[in-house]
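Take a look at this single chain in structure tokens; it is the form predicted alone.
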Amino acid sequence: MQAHNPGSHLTRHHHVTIGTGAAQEDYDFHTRVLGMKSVKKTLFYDGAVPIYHLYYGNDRGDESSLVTTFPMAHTGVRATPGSGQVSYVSLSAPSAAVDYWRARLLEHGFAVRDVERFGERYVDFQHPCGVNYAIVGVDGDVRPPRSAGPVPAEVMLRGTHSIGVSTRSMDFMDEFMEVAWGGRRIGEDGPLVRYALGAGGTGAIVDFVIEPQRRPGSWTVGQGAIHHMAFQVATHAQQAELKFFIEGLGYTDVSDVKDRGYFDSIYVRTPSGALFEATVSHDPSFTCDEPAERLGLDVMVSPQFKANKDELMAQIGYLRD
């Protein structure tokens, strides 16, 4: 094995992508309840069926602040939750704000559950479509929050903290994480195994939930499941080196580089079954097609839909801000 591990190019989360239900319901949940900024409204780049791709994050849409969704209700396609998927995403908030978030979620009609994982306090709840979310108290998270939303900045979410991957076992997954993905195993808590990437800390954590009896979940994009988790790589040269390295390990199902308009991505199906992505942001990224002061206000359609934008928007509808 070469001394330099290209897996070390993966430094932290970039975004998580979730199949949700109705578009307006999803938009209201993220922007009105969670207070996240609408960073970008665009359409799914793959396939011929028009599907929103919505991005939520902080003021600039910084890497690791991002939750992105494919609202799928109009397609009728539902996912089957199970093992082999990312099963939950947790979002960081200051520790002193956890009670605020618990009360806010209850006020908006969400059922909540208080949980401790790895000595951290979590408030578990669900997206209206059933996907598992959590808010976790984290001190010292320096990522800037959204500054002017319905939630005061001092208690606002900072970004993704950890994801939970449901796996039937860690056989082969430990090797993948340590060799191919450049992570390090930093802890265990009951059925949970924690890995960290890069410098570690909030926004760079992957937790595996070992569930040997759980039936496999679906891999298609569908309502009610997290589709994939994306991790940040700094440059295209590093991304190319990582792809070549992973393929050399025998993971030959690594995708070609896909231009997603605001970043370039490669995808790999991990031994756990979960889909991981290695992502390089464009420069500029979200401001390449609209100014910073208008981020997330207009629908920026992907290239294959530009000629038919009006017709397609009539099918999926414009969102109410």
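Just so it is clear, the model here is predicted, and its values are computed rather than measured. All residue numbers refer to positions in the sequence shown, first residue = 1.
The same protein has a further form, the form predicted together with a further copy of the same chain, not shown here; the description that follows concerns it.
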- Item | 4.5 Å heavy atom contact, P216 to a further copy of the same chain in the model of the complex | yes
- Item | Distance check, T279 to a further copy of the same chain in the model of the complex, heavy atom within 4.5 Å | no
- Message: So in the model of the complex, is a further copy of the same chain close enough to G140 to count as touching (4.5 Å, heavy atoms)?
- Response: no
- Query: So in the model of the complex, does K258 come within 4.5 Å of a further copy of the same chain, heavy atom to heavy atom?
  - Reply: yes
- Task: Could you spot which one of L34, V67, L295, L275 gets a heavy atom to within 4.5 Å of a further copy of the same chain in the model of the complex?
- Result: L275
- Sort through T75, T220, Q126, S95 and report the residue having a heavy atom within 4.5 Å of a further copy of the same chain in the model of the complex. T220
- Testing 282-290, 57-65, 35-43, 266-274 against a further copy of the same chain in the model of the complex with a 4.5 Å heavy atom criterion leaves exactly one stretch, namely 266-274
- Query: Can you name the residues of 229-255 that have a non-hydrogen atom within 4.5 angstroms of a further copy of the same chain in the model of the complex?
  - Reply: K243, F244, E247, G248, L249, G250, Y251, T252, D253, V254, S255
